[in-house]
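Take a look at this single chain in structure tokens; it is the form predicted alone.
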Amino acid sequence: MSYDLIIIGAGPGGLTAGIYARTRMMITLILDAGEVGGQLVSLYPDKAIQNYPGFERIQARKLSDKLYAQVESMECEIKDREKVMEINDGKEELIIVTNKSTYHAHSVIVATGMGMFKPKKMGAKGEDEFEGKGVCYILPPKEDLIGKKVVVFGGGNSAIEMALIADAVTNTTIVHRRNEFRCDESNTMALKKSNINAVMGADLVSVNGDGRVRSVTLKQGDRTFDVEADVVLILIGISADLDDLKRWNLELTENGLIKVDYAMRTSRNGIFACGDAVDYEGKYKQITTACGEAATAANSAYKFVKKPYWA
């Protein structure tokens, strides 16, 4: 079977591209190396999203579920936990080789986000020793936090939003190595109104415990002190694995991301891209940005494959 379009990645960008492709009645397959939903479900499933149009506030996992349901309702084929290894040129088609099968398509959209990412570590003493024993990189379910002391490390939107979730049920502290947060002003205001204890300009020296986390040692200027903790949540960013982009022979920017033009075309004929995997001047990484680029990429793929008279 030959598809009109194969989309690599089932995050918001990839799912949106699938929706737009199906409105054009393109025979479409979406492949994802992990779980459908991308970062929405892999890193921040409980995150409250307040800037996605149409929803005053929606949980990340629920937004992913809605996008997934819409794609399925449009009869777009989806296969998760299937990693794309190669994108080869065939005779007037592209040959996509995965760890499970081989597919043929007339066009491809790369919507891999930051690839197979993993959370960044702080490298402090005790961090590795207590991972899974109190140290975590994804916020545990709220019901598991009741009665526990939570210390969150990070200064971005995700760190503050996870701290706010934890603060709803338990004693919470947020620690940032700088004196100002790097987040949306609305999150800063919410933090100020909460009961969260903010420790600014402090570094993590060590995670301490006796089989489980009991405290963290912080250094703030010349002062070193301990803060009691049962849960240590580290949210300082992710390390991306972008080796696939090199293996697929796509031209990359100096940041190691895919170079695209205004139509989301890549350097390879018939291959388009969208979302966090692409880079250009002024790029603003947001879910809505990925979705807008996905609509453009899907329309460009349609024109490439179907060649309508108006294109």
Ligand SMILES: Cc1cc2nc3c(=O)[nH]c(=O)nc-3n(C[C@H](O)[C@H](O)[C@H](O)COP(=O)(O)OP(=O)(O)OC[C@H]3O[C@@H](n4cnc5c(N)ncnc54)[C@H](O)[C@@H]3O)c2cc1C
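Start at 1 and count along the sequence shown; that's the residue number. Just so we're clear, the structure is a prediction, and the values are computed from it rather than from any experiment.
Quick note: we don't show the form predicted in complex with this ligand, though the next part is all about it.
J.: For the interface check, one of 139-147, 224-232, 80-88, 100-108 should have non-hydrogen atoms within 4.5 Å of this ligand in the predicted complex; which one?
T.: Only one stretch qualifies here: 80-88.
J.: Please state whether all three residues A33, S158 and D244 have a non-hydrogen atom within 4.5 angstroms of this ligand in the predicted complex.
T.: Checking in the predicted complex: A33, S158 and D244 are all within 4.5 Å of this ligand.
J.: Is the gap between L43 and this ligand in the predicted complex 4.5 Å or less for some heavy atom pair?
T.: Close contact exists here: in the predicted complex, L43 approaches this ligand to within 4.5 Å, heavy atoms only.
J.: Taking 4.5 angstroms as the cut-off for heavy atoms, does Q59 touch this ligand in the predicted complex?
T.: No, Q59 is distant from the partner.
J.: Decide whether K66 counts as a contact residue for this ligand in the predicted complex under a heavy atom distance cut-off of 4.5 Å.
T.: So K66 does not count as contacting this ligand.
J.: Can you work out whether I8 and this ligand are in contact in the predicted complex, taking contact to mean some heavy atom pair no more than 4.5 Å apart?
T.: The answer is yes: I8 has a heavy atom within 4.5 Å of this ligand.
J.: Which one, A198, M114, C76, A202, lies within 4.5 Å of this ligand in the predicted complex by heavy atoms?
T.: Of A198, M114, C76, A202, the residue with a heavy atom within 4.5 Å of this ligand in the predicted complex is M114.
J.: Select from 240-275 the residues with a non-hydrogen atom within 4.5 Å of this ligand in the predicted complex and write them out in sequence order.
T.: Heavy-atom contacts to this ligand in the predicted complex: D244, W248, C274, G275.
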